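Consider the single chain below, provided in structure tokens and representing the form predicted alone.
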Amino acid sequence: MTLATHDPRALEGRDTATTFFAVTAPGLEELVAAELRDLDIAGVVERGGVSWSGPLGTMYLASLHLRTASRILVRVSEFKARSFIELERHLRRIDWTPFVGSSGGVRLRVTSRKSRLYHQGAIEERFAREIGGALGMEVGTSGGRRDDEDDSSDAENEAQLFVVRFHRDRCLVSADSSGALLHRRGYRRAVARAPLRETLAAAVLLASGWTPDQPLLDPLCGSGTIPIEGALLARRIPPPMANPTHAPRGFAFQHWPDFDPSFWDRIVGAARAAIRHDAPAALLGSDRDAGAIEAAWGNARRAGVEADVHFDTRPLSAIEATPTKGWLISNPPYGVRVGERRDLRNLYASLGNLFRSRLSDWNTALIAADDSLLREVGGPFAEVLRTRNGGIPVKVVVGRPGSR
């Protein structure tokens, strides 16, 4: 299912081929590869993401349209170094200027595994000294966090991030093109408890088999992320344009010296022209927490999809039967601790009763962390995705519990 319309000129050979890497949360690599194929970009699935080679226009396209990636890196250099003398020699050969504008600073994120140069602080010092000397600016560090961790403040996002990875004495240097992580669409300022990251919500929708012409219900919607991401999909609104005016959020690559604003404007214009006026089917969310529903409406307004979704304050027991079948897609509480799991059995059993009594023809996709709780719903279920949410191993399962 092609979900994005793009400007084909972005795939023309406007410049020399560059290697890019779309970082993903674990388990989402195949979804990102499929999204890239919809953009006519042939990616190669690797652990932790998808790589491809092409002109810079493909990076523009991917940045605008990918729904399940965390960030996009540009490969700068790769070399082998077993001593700091070797490392410094290689660093002096790297041209940093294509990735750093006249304003803002530079920050580093360094990791080292199974390498002779194992001291990340010492590696950072060499990079900071060489880059700072070459560019005449201060260089900060980011403490070796993962590429999909949202560890930076808005001020830090103004600085150009370089990601440095040592593994078995090989050093891979990449420039971050995204700035703020891609899950930060900009609409979600109000959140309920245990918020679901936007990229994972989109991943569940894409992996489930749901299509925008089918009704969607999340009866445990919290701050509304799943219905809102469903509305963005249904209306073909690119994630960075999730606002009433459909103006794109900013990216790090827009500060690079070779950024082409007119070319970017054409890509954005093509995406804006492809946006549907409204969603073709109902997109519903409910929650017994009135505060969560208030937050959901606020998020929908900021995303520019207030007219496409409907949120209600109601418990599972008050969900009404519908004349048309659709999809129930939700992220129920996991109950990580044993006592919590006992308390949640009734909630999961109520989900099962909802299917059997009022949604017998509906499909479902659930994010689950505990098979014993899932059995309370019924089944059978098929696993379509395995990943992590908030550091907790989870899986996405699909089925039709009320069909028996």
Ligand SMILES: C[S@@+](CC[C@H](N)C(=O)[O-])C[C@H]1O[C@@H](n2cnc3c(N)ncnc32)[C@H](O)[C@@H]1O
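The shown structure was predicted, so the numbers you read here are calculated from the model rather than taken from an experiment. Residue numbers run from 1 along the displayed sequence.
Another form exists, predicted together with the ligand; not displayed. Remarks below refer to it.
- Although the partner is absent here, residue 177 sits far enough away that none of its heavy atoms falls within 4.5 Å of the ligand in the predicted complex.
- A residue is said to contact a partner when one of its heavy atoms sits within 4.5 Å of a partner heavy atom; residue 220 meets this definition for the ligand in the predicted complex.
- Put simply, residue 34 is far from the ligand in the predicted complex: not one heavy atom of it is within 4.5 Å.
- Interface residue remark: residue 183 is not counted as part of the site for the ligand in the predicted complex, having no heavy atom within 4.5 Å.
- Site annotation in the predicted complex: the residue of 266, 165, 116, 314 reaching within 4.5 Å of the ligand with a heavy atom is 314.
- This chain is drawn without the ligand; in the predicted complex, the residue among 303, 309, 203, 196 with a heavy atom within 4.5 Å of it is 196.
- Residues within 4.5 angstroms of the ligand in the predicted complex, judged by any non-hydrogen atom, belong to 280-288 and to none of the other stretches in 83-91, 125-133, 280-288, 105-113.
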